[in-house]
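Next up is one chain by itself, shown in C-alpha cells, the form predicted on its own.
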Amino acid sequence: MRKVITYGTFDLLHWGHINILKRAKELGDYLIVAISSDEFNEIKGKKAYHSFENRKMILESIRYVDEVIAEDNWEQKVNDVKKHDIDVFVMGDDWEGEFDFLKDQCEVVYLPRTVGISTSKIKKDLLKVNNG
C-alpha cells in the first residue's frame, strides 16, 4: 500500500482544498491529512474559524481522506513520515523547496494551488462584505 501525507490548517473548506486532497489521494492508496492543532495555529500567529475538532470532523467526512492527525509543531514531519511509513509527502507549490529535506525518506511532491480561491481570499472577501 502506497501512503501519502499532506499538511495544512484546512479552515473554511473550499474547492481548492478538495482539489488538493483529490490529487494527493491519486498519488497513493491511503491519504493521511495532518491538520494544525489550535495550539500550533496560535504559535504560528493564526486563528482558525473552526476548532481543531470541527476541522477534523469535516476532513474525515471527505472520501479522499483516510485518516486525520494533529500537527503540533514544525518539526514533527520527519517523525510522521517514519511513524506512518509514508511513501509520498504532498504540499501546495507555494511551499516549493521547503520540504526537500524529506526526499531521502520519501517522494516529495508540490502540487499547484487552485487558481482563484484560498482561505485568505475568502476572509478578505468577507471583510469587504461586512465593512460595506
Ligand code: C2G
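Predicted model, so just to flag it, every value in this text is computed and none were measured. Numbers for residues come from their place in the sequence shown, where the first is 1.
From this point on, the text means the form predicted together with the named molecule, which you will not see here.
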| property | result |
| --- | --- |
| Among the candidates I62, A48, V68, M91, the residue which, in the model of the complex, approaches the named molecule to within 4.5 Å (heavy atoms) | M91 |
| 4.5 angstroms heavy atom contact with the named molecule in the model of the complex for K77 | yes |
| Contact flag, F40 vs the named molecule in the model of the complex, heavy atom cut 4.5 Å | yes |
| Contact test in the model of the complex: I20 vs the named molecule, heavy atoms, 4.5 Å | yes |
| Close approach of W95 to the named molecule in the model of the complex, 4.5 Å, heavy atom | yes |
